[in-house]
Structures are given as structure tokens and as C-alpha cells.
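To begin, one chain is listed below as C-alpha cells, in the form predicted on its own.
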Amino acid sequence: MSATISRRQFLAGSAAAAGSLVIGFHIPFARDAAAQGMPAAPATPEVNAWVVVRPDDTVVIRIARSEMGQGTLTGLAQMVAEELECNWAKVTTEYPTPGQNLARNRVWGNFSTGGSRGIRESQEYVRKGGATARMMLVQAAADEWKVPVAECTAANSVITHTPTSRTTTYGKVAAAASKLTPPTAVTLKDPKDWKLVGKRMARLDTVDKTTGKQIYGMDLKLPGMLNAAIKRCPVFGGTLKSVDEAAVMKRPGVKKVVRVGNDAVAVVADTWWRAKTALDALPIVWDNGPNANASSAAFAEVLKAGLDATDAVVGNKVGDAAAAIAASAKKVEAVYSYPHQNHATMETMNATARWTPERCEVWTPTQNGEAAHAAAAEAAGLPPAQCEVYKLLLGGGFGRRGAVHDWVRQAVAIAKEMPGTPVKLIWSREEDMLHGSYHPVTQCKLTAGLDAQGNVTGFQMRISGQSILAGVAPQAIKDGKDPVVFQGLNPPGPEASLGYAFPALLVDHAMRNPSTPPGFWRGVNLNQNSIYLECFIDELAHAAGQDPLAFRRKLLANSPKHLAVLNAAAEKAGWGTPTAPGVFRGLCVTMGFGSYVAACAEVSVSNDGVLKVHRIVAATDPGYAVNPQQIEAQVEGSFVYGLSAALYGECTVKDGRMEQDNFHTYVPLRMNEMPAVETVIVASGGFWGGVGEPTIAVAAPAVLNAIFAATGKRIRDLPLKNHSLKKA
């Protein structure tokens, strides 16, 4: 994508003047259009996104959410096109910019793409946008024909006057439609009448990605652009003590050495490789600061002490769990742990920035254009109105490109030293690995009581460990409580609820934060919480001498949606029927990001302890299934990520810094290790859940429970690479 193309996208809202139709979306609780300084033509209040219908019948759907491989652009476009009744073959998408969003008082609403919220939080207003556009186009045709609008219908971008069979196309009436006042009452289709939503539709970005046409941030080229490589103090909290700039200034292509903040140094050159090699040769002295001796081993002891500490905040409580457990016929206890993990996106952090005293522009892949815009403005020292961010498709996000935009701040800081010159900053893989925002590290003690019949009498769960919000949004901590810690463990409700009904329950958290910066990592805390809960439920089933599926079914009797996905996964996998020789099964169920998910894994372990994950059956109920093909792809992708974490994913701190700095020490799943994945979509309707994140949480516990069935070994700390799986 060039600067010209980006500006074309930036100015697409003015297309009405050239004979195109621009339609506003409605959202609740927003302000009057006049107060937003908007033109009078699209008079409907609360414009959130724009549909542009061009004279050639091309439909451009402008969407604020970011595309990072999850299919949000296609899914949202499907919903707009569904109500618009347009020709899907002529649909394309464009990003609006956060600068324009700010100038129009956030008419496009939330730009954040994370927490599997891209579709579920914007589905209503984008559908209304499509419906509004359709109504205006039909009205324009009716006005031209001088017939009642009720006599006209629309389908596939063609408007028909039913009594006379006259037809016209959307593109031909777009200019006239753009002059109409949008309707205030918009009725959405009944889901039973959907034609596109719920269907297996090819993604709109597939062709460009497979042909290499798609431009990512690292591909961007601007006239006169320079390149930058950067190093930040490898010890968390350390600073830059000194640097000998003159030592590399005579190297070919080197333009400048820039001190970035108080903890980093960058080299700017004509090519990135020249910048990087000069940076490697640059004499740098770091002040390692107060965390120079920090280590994972030392912090593990802090976490261990937190398991029995008194300073814990309650996340979920029913009755007196301690008393119920003390009075039980049998007590079961276990301690689990989960390590730091890196996002390890295939595309490392990067941004291109151009700064002048009057304006700052940034081109970058980001999960939150508004957050990137705010970071750019702060770093530029300019009012937000004098800054702009052009979003590019992401080569992976997984949460890394959402809440924290450190690379954007760095790129702008470097560009300020080269006024008027575009500078592209690319992090090396090592820099990307050493300066992530890591999945939080935690330990968990679980205790339960069983009566003489093997029924759970009390259940207690103490989490000791890191808070994400304490690191990225401390203002969200209320009375010492980080609500995100309790994902999947909440009381009954629409989000991340615990499906199991225990007579007495206590789930609490002792917050313990190391020097390692935390971040939202795909699946967030649902990942480890599902391991802790589901593996311990399996332990209880075996302690009670009961079938793991039957044991769960009893506890889920009052949670029909949890039970439905569990039964669907078990049935599809053939639970209770014979497996191939040496193959064993394990189960898991959870709820998060608005959806209900379950899995059944089939594994074998050789006599030498070699694990083979043969198959995982996943059942998911996201309420409405927008694109079943994309849901299946998301489930498969989430299992790649979840199994990579379970088998290999571990980041360890020694001497204040991460030990893993590339893929030879932080290993992803190989293709030959990937199991067959079968997805069962249990779309019960009536609500909108997420897809991209919840299923990642069921991969590891299902496999761990199957490993126990195969070997008799209960793995309570990950990754699996640290354990021998030779049969006990």
C-alpha cells in the first residue's frame, strides 16, 4: 500500500460528491451528528462506519476493526452485505483512519480488535448500516420511477419495480440516494432469512495473500524512505548508559545514531540490513537497573508463597468451601503452574513514521488504530488532530499489537530526528522476543472434598500470580481486583462463567507481579484457568472412580450450553467406544469470550515417551455462526497456537532478561505434529460470542487429560517439553 492509496482510503468519505453513496451506521448512546461537525447529508445520528456504493456497483464496506488473519473484515462485510442485498462478488473493504474518527467525534466507534470482539460488538450497527443503505437505494429508484417504494424490491445490487419488471442497479441510483435523508427506523432481517450470514464464504483477502499482492507493514515503501533498527536494554527496567555513535557513522549507508528515550538506541541507514549490522557493531553500555538479578526461579518461590497468603481477593464464592472440604469424606489437592509465553508473531513489530513540526503520519499494523494514534501523538509532541495513523493488515497480532504500542512511540521518536523523512523501523526477531508483553505467569492450588458417593462437597481454587491489568491498565484495578484473572471462573452469566455447580466454592487471587511486562495473549487467562480447572476435575473424577464425562455431566446439569458442547464433542469423538490400540482420550469444557467450547483429544505415548496427538474434536457454540468455514479455520489455528504453548511455550528470565530470543529457543508446533481437527458448530442462536480465542483454551487440558489416561502421569506444569512421558 502506498501513501497515495492510504490517502485515497482516508478521503473515501467524500465519495458522495463524485456520484457515490455514503451511508451512516447507527449505534446507541452517541451524540447528534451536528454536534460532531458532520455534513448535513447523512443526517442520521451516530454514524459509526461507512458503506460506499460506486457507480460501477462496487460496494466498499469501511470497517474500523483490524484484520490479522482472523477473518473479521470478511465476517463484518458479510453482515453488511446481508442487509444491503448487494452483489457479494463486487464487495471490497477499506479501513477508515483513527484521525478521521477523532475529527468526527468517533463516528466509527471502537477501533480495538481483541478479546474476540470484532464481530460480536459491532454486528448490530454494521447490519443496520447495510439495511439503511438498501432502503435509501430503493427509495431513490422509486423516486426516479415515480412509484411507491413498497412496490420495489432489491436483490444482488439490482432494484426491481415488481408490477412493471423495470430494473436498475445500485450504482445508477447511488448519487440520488446520497441526497436522501436516511431512515430513522431500520428493521433487521430475521436470522432465518439470512442468505450470506451463516454460509461458507471465501475470505475477501485470500487471493491477495496467496499471490503476494497483500502489503504488510514490513513491505511498505515510501519515496525517500530510510530504515531503522533498534536495541533496547535487554534487562527489564534497565536504561542506556552510554553509546559510541562515532564508531559506526562511517559505515556504508549509515545516516544517524539515535538515542530513543532513556533505554534504547537506533541506527538509521539507507537499508534495514545496513542499519541492523551497524547496530550490532555499535559499542553500547547498559545500566541494568534494579532487576538485574531477577529470575523465573526466584519468582516461582514468590508465587508459591502466594498460594497460602491471606491477601487474596475473591472472584467467585458460594457458601463456606473450607468448612465443606474439612467435613468431607475425602480431600483432594493439587498445585499447577503456567509460565510466561511470547506472542511470537510472524511479522515482527514495525512502523513507518514521517514527522514535521506541523504533522506526524504513521503507517503500521495495529490491533487498535486509536491507541496507535494516541501513542503517535504523544511521541510526536503534537495535538492528535495533527497526527494520522494508516492501518495495515497484520502479520499476526494475538494481543501484542493491541494495548501496548511501544514500537510506534519508538518509530516517531526516531522520525523526529529526521524531519520530513519517512523512517521505517523494524524490530529484529531477537528484539521482538526480548521485548514482548508476555502471557502472565501464575500458580494455582486446587482443593476439593468428595463425599462417600464421590460427589463434590466443596471446591477451592487459589490463583497466585501476575495481573495483566496491573501492567497495562492499572486504573482498571478496583479494590485490588483484576477481573480478567477470573476468566472462565465467574458466577453464572454471559461472560467467562464457571459451568460447574458446587455446593460450596471459593475462587480467589493473590496478586504477585514480577518485573516482566504482562500483556493480553490470545485466549488470555482462560488458557491457564481451563488447564487448572479441567485437569483437576479430571483428577476428581478418577479419585471418585467415575467416568470423566459422566462426572462432568452431573456437575453441568444446570448449565445446558456448557453441557451441549461437551456432549457434542464427546459424541463426535466417540467417547465410550473403543479407540485404536494405544490411543487414549481426554476431555475439556469451558466458557469464555461469550462462547461455549469443549474438546476431546486422542493421543498416544510410545514406550520411549514420545507423544503423538492424533485428533482433536472441538465443539463451539458462539450463538450465531457468521461463516462456518472461517470458524473451522479459527479453531484449527487456535489449536496450533494452544498446542505450541502446551508442548514448547515457555519464556524464562535469568539475570533480569528473557533467555529465549528466537525460534530455536522458543519453538512452535511443526506441521508433522499437527493433529487432525474436527469442528462441531453448535450454533444455538440468541447471542453473539467470539471465535478466535475461546477454543485455544481447550486444546491443552484435553491433551493433558488424554496423556494421563495413556500414561498414568498427571502433568501439572507446562510446557510438556520439560517432562518425561514414559509410562509410570
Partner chain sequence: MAKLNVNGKVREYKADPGTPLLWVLREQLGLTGTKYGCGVALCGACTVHINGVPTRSCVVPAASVKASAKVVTIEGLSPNGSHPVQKAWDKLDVPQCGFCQSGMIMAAAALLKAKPNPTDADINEAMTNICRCGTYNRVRAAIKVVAGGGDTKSAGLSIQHADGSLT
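Numbering follows the first chain given and starts at 1. Just so you know, these numbers come straight off a predicted model, no measurement behind them.
Keep in mind the form predicted together with its partner chain is missing from the figure; the text below concerns it.
Q: Which residue, V610, A202, A246, A385, has a heavy atom that falls within 4.5 Å of its partner chain in the predicted complex?
A: When its partner chain is considered in the predicted complex, the option within 4.5 Å is A202.
Q: Name the single residue among P183, G261, G637, P517 that comes within 4.5 Å of its partner chain in the predicted complex, judging by heavy atoms.
A: Only one option qualifies, and that one is G637.
Q: When its partner chain is placed as it is in the predicted complex, which of 147-155, 213-221, 295-303, 97-105 ends up with heavy atoms within 4.5 Å of it?
A: Only one stretch passes the 4.5 Å heavy-atom test: 213-221.
Q: Taking its partner chain as it sits in the predicted complex, is P55 near enough to touch it, meaning that at least one heavy atom pair lies within 4.5 angstroms?
A: Close contact is absent here: in the predicted complex, P55 is far from its partner chain, nothing within 4.5 Å, heavy atoms only.
Q: Contact with its partner chain in the predicted complex for A344, defined as at least one heavy atom pair within 4.5 Å: yes or no?
A: Close contact exists here: in the predicted complex, A344 approaches its partner chain to within 4.5 Å, heavy atoms only.
Q: With heavy atoms only and a cut-off of 4.5 Å, decide whether E430 touches its partner chain in the predicted complex.
A: It does: once its partner chain is placed as it appears in the predicted complex, E430 has a heavy atom within 4.5 Å of it.
Q: Flag Q453 as yes or no: does it have a non-hydrogen atom within 4.5 angstroms of any non-hydrogen atom of its partner chain in the predicted complex?
A: So Q453 does not count as contacting its partner chain.
Q: Whether I230, A281 and Q660 jointly form a contact site for its partner chain in the predicted complex is the question; each needs a heavy atom within 4.5 Å.
A: Not a single residue of the candidate spot has a heavy atom within 4.5 Å of its partner chain in the predicted complex.
Q: Quick one: which residues from 615-639 get a non-hydrogen atom within 4.5 Å of its partner chain in the predicted complex?
A: Contacts from 615-639: Q629, Q630, E632, A633, Q634, E636, G637.
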